[in-house]
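In the block that follows, a single chain appears as structure tokens, in the form predicted on its own.
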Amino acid sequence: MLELSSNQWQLIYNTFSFGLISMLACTVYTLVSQSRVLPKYRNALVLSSMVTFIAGYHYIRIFDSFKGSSDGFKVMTTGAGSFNEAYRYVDWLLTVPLLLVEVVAVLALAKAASSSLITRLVPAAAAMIALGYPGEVSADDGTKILFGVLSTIPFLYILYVLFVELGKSLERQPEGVAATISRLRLLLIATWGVYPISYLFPLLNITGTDSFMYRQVGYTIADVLAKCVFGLTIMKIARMKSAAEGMADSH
């Protein structure tokens, strides 16, 4: 059992609540905004809604798991009835590939180009998450480092595809879109950079309740940025492209 302070427990509880309502609100907003963009860009908004809906569902499970594993301010982290960290990884396994597909979908590239990007990005994203999980749950520093390095390999490949391969298509985008896509890629990389930080906690002597609190709060804030802010930026790009192609009232 981890014996959190009252402030630590309340901070985690309120952060989970913030993450949950953010996901649900973004799901509704992107769904009702379909008519504000041209039909060919609506798939990107649907994907954005799917990402936040999936994340919202898992935040309900995370919320319930946190409350169910708590006895006052004590949280059970091992054994039956313990807090289930795996919900996050199931969420990421589904949503991280979809986030990358969102970027490709909103650009509305030629079918061959889109298929080529997706068939490289999706397996790499799934491998990155799957390889990260064993290190996350291991108490052994050697295991953490091993799987941290392994999960970094597909991460670097994703960077290559996003910044080199995808970058080639940005020259043909309307004014302002290329710059927004560039910021979107940086947002994605910056938020993904939060997730491996928990690997460093033992090496920085951050353990026990502090480690648990920082990990849960950091992951949740990164999720909101990587899913909600990312999805709203996707919608902005779709509206910019719709306006550039003559759609009225897209601003």
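Please read these numbers as outputs of a predicted model, since none were measured by experiment. In case it trips you up, residue 1 is the first one in the sequence shown, and so on.
The next section is about a form of this same protein that is not shown, the form predicted together with a further copy of the same chain.
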With a further copy of the same chain left out here, work out from 157-165, 102-110, 122-130, 140-148 which stretch has heavy atoms within 4.5 Å of it in the predicted complex.
102-110
Although a further copy of the same chain is absent from this view, report whether Gly79 comes within 4.5 Å of it in the predicted complex, heavy atoms only.
yes
Does at least one non-hydrogen atom of Gly208 fall within 4.5 angstroms of a further copy of the same chain in the predicted complex?
no
Is the gap between Lys40 and a further copy of the same chain in the predicted complex 4.5 Å or less for some heavy atom pair?
yes
Check whether Leu94 has any heavy atom within 4.5 Å of a heavy atom of a further copy of the same chain in the predicted complex, and answer yes or no.
yes
Please state whether every one of the three residues Val46, Met50 and Phe53 places a non-hydrogen atom within 4.5 angstroms of a further copy of the same chain in the predicted complex.
yes
Position in contact with a further copy of the same chain when the complex is considered in the predicted complex, options Leu31, Leu187, Ile221, Val194, heavy atoms within 4.5 Å
Leu31
Residue within 4.5 Å of a further copy of the same chain in the predicted complex by heavy atom, from Tyr214, Phe66, Phe201, Tyr57, is Tyr57
Heavy atom within 4.5 Å of a further copy of the same chain in the predicted complex - qualifying residues of 75-93
Gly79, Ala80, Ser82, Asn84, Ala86, Tyr87, Val90
